[in-house]
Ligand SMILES: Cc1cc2nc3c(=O)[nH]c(=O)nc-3n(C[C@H](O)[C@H](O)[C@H](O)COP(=O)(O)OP(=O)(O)OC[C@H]3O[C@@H](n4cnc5c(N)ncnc54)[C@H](O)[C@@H]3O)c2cc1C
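Shown here is one chain on its own, the form predicted on its own, set out as structure tokens.
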């Protein structure tokens, strides 16, 4: 006998868990499929959790969620081979009763999130791959076929939360595979360090945390960034660059990470650490213009599978959770009206997400992904070097007249970009930012 559910959720990451929890908490009969050994087994993220988005789903999550540190300081570094020019923001306001941001470890957090969905009634099947969507004679999605014995399962609607490289939607022709210049490959290591050492090195105490994001020579001219996040007993360090850049240059993400770890600004922060984990993951970077069709007859797509990632602000998990929640709320509204899961009715999900911060933010930066990719040599090599040269000239006291130092700085800028190039770059960034 073929089983039937109100909804099937494909994937147990941030978006999938948010959808499964919301659907189950509304009383719907929900099946969640995860091909990993457990939720979070194949997820890689720095990772930062934005509290506001999770509070809308689980208001009291702080009571038992596996949180690492709440972030009180953000550092932005523009790196050359031997230096970095930094900007940072630290505020006691972040030491609030209910902090705004936390570092988390995805393998632990996703299991917790999935368990919460199961407590609401969702059924989870791990180590289960959804091979294809089942469609009726009119093309409406009516279920999935899995790799389990008798693996066809029917549902009124399928939520695709399968990640950026998920094949289920593309095999069914519901969305195209993302292009190589719309996806980043990120690699990450977990370095274990005693909590008291972390607190000393990063000037924090208790559960306070620091985030470092670095651009410049670390990506060797490719569009990409490095990161370092503090956890309770470890730091997460990694780097990600656009896949097409890796293909064109032949560079290895692992080699970039090794170089990043040896940088004079990073090496002391990792001294004496023990590496226990290494992982790689694809991240959507195409922005607004890469977002596919979000709904159809019997299906919706959420999270990374929908290319919902804000590269400018390095936000992904909050967009994923919000899209999963909104998709579930739209499905519940349709179900409560006893209406079919047609494309016309499921367009409610698109309306809800368009009205949210998700699409408003992505639309604001719709031209930024292309700019970062086409101007990567200037933005990630030339300008960090020019800023570093200017800072060294300003700070080094060696008997050279200040007027000569200023002339040297200006000459370096003119030699690298020229006045036309400098003005043109400023205009391009301003246009892409608005």
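Here the structure is a predicted model, which is why all the values come from computation and not from measurement. Numbering follows the first chain given and starts at 1.
Here the subject shifts to the form predicted in complex with this ligand, a form of this protein not shown in this document.
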{"query": "Listed residue (320, 117, 157, 218) with a non-hydrogen atom within 4.5 angstroms of this ligand in the predicted bound form", "finding": "320"}
{"query": "Contacting member of 90, 101, 314, 335, with respect to this ligand in the predicted bound form [4.5 Å, heavy atom]", "finding": "314"}
{"query": "Option from 249-257, 337-345, 267-275, 302-310 whose residues, in the predicted bound form, bring a heavy atom within 4.5 Å of this ligand", "finding": "302-310"}
{"query": "Close approach of residue 140 to this ligand in the predicted bound form, 4.5 Å, heavy atom", "finding": "no"}
{"query": "Residue 130 within 4.5 Å of this ligand in the predicted bound form, heavy atoms", "finding": "yes"}
{"query": "Residue contact check: residue 163 to this ligand in the predicted bound form, 4.5 Å heavy atom", "finding": "yes"}
{"query": "4.5 angstroms heavy atom contact with this ligand in the predicted bound form for residue 12", "finding": "yes"}
{"query": "In the predicted bound form: members of 348-379 within 4.5 Å of this ligand, any heavy atom", "finding": "none"}
